[in-house]
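Next up: the same protein chain in two forms, each one alone, written as structure tokens (structure 1, then structure 2).
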Structure 1
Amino acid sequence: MLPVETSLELREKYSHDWTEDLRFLPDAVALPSTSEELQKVLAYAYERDIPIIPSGGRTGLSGGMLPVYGGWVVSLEKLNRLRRIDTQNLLAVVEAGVITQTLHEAVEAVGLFYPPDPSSRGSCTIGGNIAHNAGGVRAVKYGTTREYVLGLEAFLPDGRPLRTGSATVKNSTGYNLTQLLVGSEGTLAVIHTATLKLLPKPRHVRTLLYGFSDARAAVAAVVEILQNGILPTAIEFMERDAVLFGQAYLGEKLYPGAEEVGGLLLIEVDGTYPETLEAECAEIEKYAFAGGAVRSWYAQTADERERLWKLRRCLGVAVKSSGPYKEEDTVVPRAVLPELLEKVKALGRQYGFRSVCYGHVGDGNLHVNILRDGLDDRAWREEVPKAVEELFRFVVANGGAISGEHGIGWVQRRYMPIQFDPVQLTLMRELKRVFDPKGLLNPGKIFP
């Protein structure tokens, strides 16, 4: 018997993720608890031309798991075993439904470190992270999920098994199918197990927060810090309105005076030797104040660090809880960040919307949240998409990309031709057909 349920309550639960207020009701929900059950579900559905939509923690912001054409949502949440943590070879073998924070805690307990750190780490899954090549706050130093996936076990849409990669750090053997699946948003295969690279856990961490007179000065300081030989673990930006949203959501002011500055930079460094970190912190402070910082906060203990991070980590939920909004996941070369921020605000004035910006500016990733506020239906449906298109054209013209870590999914697919010419899009579509000739796996995603 297949682990498939059709109750309305369960179907409604899996009709949405964190993307705006979009909902699409699936015809059924499958909850396999073993890879064998997953394989049977896929084979059964494929034979009957039933669309399959893989689902992880449902924390996506691009509509990647929305069942826009009905079909079956296949949740991998019960495939949540930490199969192996190899302390000698510095790797972990985990199933797709493992919560990212669960993996963090498990490997850190044995002195190891899995760097990818999405803001939704407490609820997102490894499978979802791989499907969207999740980034997070530590990408500036350690890179995105892609850098830590050594091999995958997956099933093709018809249930045939697919193994990619190896348990080695180096591999120059054939086409890199592993990296083809990373970031493919569940459109090529259903990943159920991953072999992940680990690192030694950094022994010491320091966290700093700087308030700048204006937001442009804050993002401009990022280039100055990195240009002078310092590579922080994280460099996060919050403009003043983001701070106000976070404080309202939390119901507390974590850093007195933070709401009075134009923008904040939250910077973290890690390493082996405390004296090295202290020297790096002194250098960072020098460049921050030279770049326009007017206030600073410094954390050395775990509790102090958590207090500095608390506001930043809540921003996504804080903005979402305020009402309808659209989040654009822009990424540009770091030196373009000041101009990108100015472009966002100029578009807001032109099209009549308010925006709240924050993000992983250490790697050029700025999250642009467009608030509906009092916009009427016509402006929200017609004018705001024009502004988004203009924003993306600016991003691509300046060497950037229309998504840094959230993926394309359902809501961004219309903008793909801004970044890719017909030849590139045709090659992508042909790859999709090789893996999924019936077009049943996560239909309606990525392609315009």
Structure 2
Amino acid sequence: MLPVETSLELREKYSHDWTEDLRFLPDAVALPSTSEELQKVLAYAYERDIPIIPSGGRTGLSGGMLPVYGGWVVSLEKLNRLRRIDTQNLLAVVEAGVITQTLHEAVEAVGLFYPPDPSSRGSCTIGGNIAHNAGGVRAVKYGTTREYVLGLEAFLPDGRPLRTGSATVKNSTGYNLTQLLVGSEGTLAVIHTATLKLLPKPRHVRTLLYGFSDARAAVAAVVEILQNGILPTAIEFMERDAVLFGQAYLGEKLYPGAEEVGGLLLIEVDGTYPETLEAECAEIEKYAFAGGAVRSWYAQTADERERLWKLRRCLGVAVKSSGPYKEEDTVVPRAVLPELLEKVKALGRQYGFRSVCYGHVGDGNLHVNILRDGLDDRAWREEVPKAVEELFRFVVANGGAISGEHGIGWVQRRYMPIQFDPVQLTLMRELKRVFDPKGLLNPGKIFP
């Protein structure tokens, strides 16, 4: 018997992710517990031309798992075994449904480290992280999910098994199908197992928070720090509006005076020896204050570190709980960030929306949250997309991309022609056809 259910309750549960307020009811939900069951589900559906929508933790922000044309949502959540943590070779073999934080804790317990750390780590899955090439706060130093995926086990839409890569950190053998699947948002194959690269766990961490008079100064300080050979783990930015928003949500002023500055930089360094980190912090401090920092807050204890992160960590939920909004995931070369921020605010004035911006400034990745507030239906459905289009044109013209870590999914696909010309789009469509000739795998995603 196939592990497929059709109760309305279950179908409703799998009708949405964290993207805006969008809901699409699937015809059924499959919950395979083994790769064999998954294979049977796929083969059965393929023969009957049933669309398949792979699903992880349903924390996506681009609607990548929405069953927009019905079909079956195939949730990988029961394929959640940590098959192997290999302390000799610094790698892990995990099933797609493993929660990211579960992997973090398991490898850290044996002195190892899996760097990708999306905000949703407590509920997102490794499979979903791979499908979207998830980033997170540690990408400045450690890169994104793609840097940690060495090999994959997947099924093609018709159920044929596809293995890619190897259990090695180097590989120049044939086309890199692994990296083609990473970030393909479940449109090419259904990933069920991944071999991941691990690192030794950094022994010590230090966290710093600086208030800058303005965003331009904050970003300039980041450039100065990096150019001088300091490579922090995380460099997070929050504009003043985000600080106010977060404080209102939390109902407390975590960092007295933070609301008076133009923007905050949260910087974390990690390493092997405390002495080094103290020296790095002293250098960061020097560049920060020389570059226009006007306030600073430090963490001495784990509790205080947690407190420095609290505002930043709450922003996603704070924005979400405030009502309807659109989250754009712009990424630009980092020196372009001040202009990008100005562009967002100028568009807000022009189109009449309020925005809250924050993000991974060390990577140039700015999350632009456009709040609906009192906008009427027409403005929300017709005018705001025009503003987003203008924003994305600015991003692409400056060497950036319309998604840094959330993916294109359902809600961003209309903007793809801003990033890609017909040659590129046609090529991508043809690649899709090689993997999925019937077009049954996650239809309606990525392509405009």
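Structure 1's sequence is the ruler for residue numbers, which start at 1. Note that the coordinates shown come from a computational prediction; the quantities given were computed from them, not determined experimentally. Note that the rigid core is defined as the largest set of C-alphas that superpose within 1.5 Å between two forms.
In this pair, structure 2 matches the form predicted in complex with a further copy of the same chain, whereas the other structure does not. Here residue 98 does not count as shifted, since its C-alpha moves by less than 2 Å between structures 1 and 2 after the core is aligned. If you fit the rigid core between structures 1 and 2, you'll see the Cα of residue 85 move by less than 2 angstroms. After superposition on the rigid core, the Cα atom of residue 217 is displaced by 2 Å or more between structures 1 and 2.
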